[in-house]
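Take a look at the structure tokens below, where one protein chain is shown in two forms, each on its own, as structure 1 and structure 2.
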Structure 1
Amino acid sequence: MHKKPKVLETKEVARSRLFCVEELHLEFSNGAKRVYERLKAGGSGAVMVVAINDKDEVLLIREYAAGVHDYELALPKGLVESDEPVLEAANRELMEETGYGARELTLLKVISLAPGYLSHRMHVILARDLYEQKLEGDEPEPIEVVPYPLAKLSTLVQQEDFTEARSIAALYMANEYLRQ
């Protein structure tokens, strides 16, 4: 087992409304010193929800993605509020983005996207036993809900508008979990 490097200093070097860039001054167990930069996550983390309805369809959403300046299909997701339990956050996001809540919520895994420079972690939640329940969200326009047969997962990942790696990984994890 590797010993984690000793943090000598942390310093904020840039901040925007959404991002904080942090400099980490580290000393490794062999004495080597390095300075790393990372995007520091704020708040209590985030959730991504794989919601399966009674027709074995996953509820996808189509919304504007500023990073690629296009509309993308993805799974419902959002930030965990301060002091909010992760499963409650998942159910809240599901209600805000799809108009459904879930009676059964299961944490599948906590994943990272690019751990070399992002400190962000995402809780992947499987949601089943859905019921209609809409909460008002903070999206600038209505989100399109797209039910998609989970059995056609291999076709879905080939679609041009379904590119988000976290959504793809979460769907494969959920599919494997459900097959067991």
Structure 2
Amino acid sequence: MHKKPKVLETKEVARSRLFCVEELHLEFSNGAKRVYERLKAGGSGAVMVVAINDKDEVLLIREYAAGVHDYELALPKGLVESDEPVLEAANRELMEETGYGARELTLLKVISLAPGYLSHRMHVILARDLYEQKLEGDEPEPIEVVPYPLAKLSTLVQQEDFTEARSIAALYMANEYLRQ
């Protein structure tokens, strides 16, 4: 198939508290040269949790999103801490953001966000057999938990405050997995 382009040079060109921009000098297998920029994700990856309660509702959260300066409905998510197993990270984030833990955790898929310029990868995890368990997070204000019937997924996707591609993808994948 395709031979990956050769990386002639990498260079950090900008850095802030959270972000690091890297310049990639590439030579493609046909000889074409290009300079690309990408954001490097730090840390140990991220998790996104599709938690289903005993009423077949998925637990959504409504939270302030700085990128679009508005409140958005989405799935619970967060960063994996160093040396933390991925499923444990999913359960911790679920407890912090929704007040529930899960006895059954299943990895559905590892997704990318915008692989052209982001190195970020996110583990999508299905959480079932829930129990009440609140862990304190570091949120500036209480997160609103919104249980939503999974059977109404197509209505949810049409809502204007539910736009996140990762959450849409994760919910459709979980829905398909549960139907099989």
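Fair warning: this is a prediction, and the values are worked out from it, not measured in the lab. Take the two forms, superpose them, and find the largest set of C-alpha atoms that agree within 1.5 Å; that set is the rigid core. Along the sequence of structure 1, residues get numbers from 1 upward.
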Two forms of the same chain appear here; which of them is the form predicted together with a further copy of the same chain?
2
How about residue 166 - superposed on the rigid core, does its CA move between structures 1 and 2 by 2 Å or more?
no
After superposing on the rigid core, how many Å does the CA of residue 25 move between structures 1 and 2?
2.3
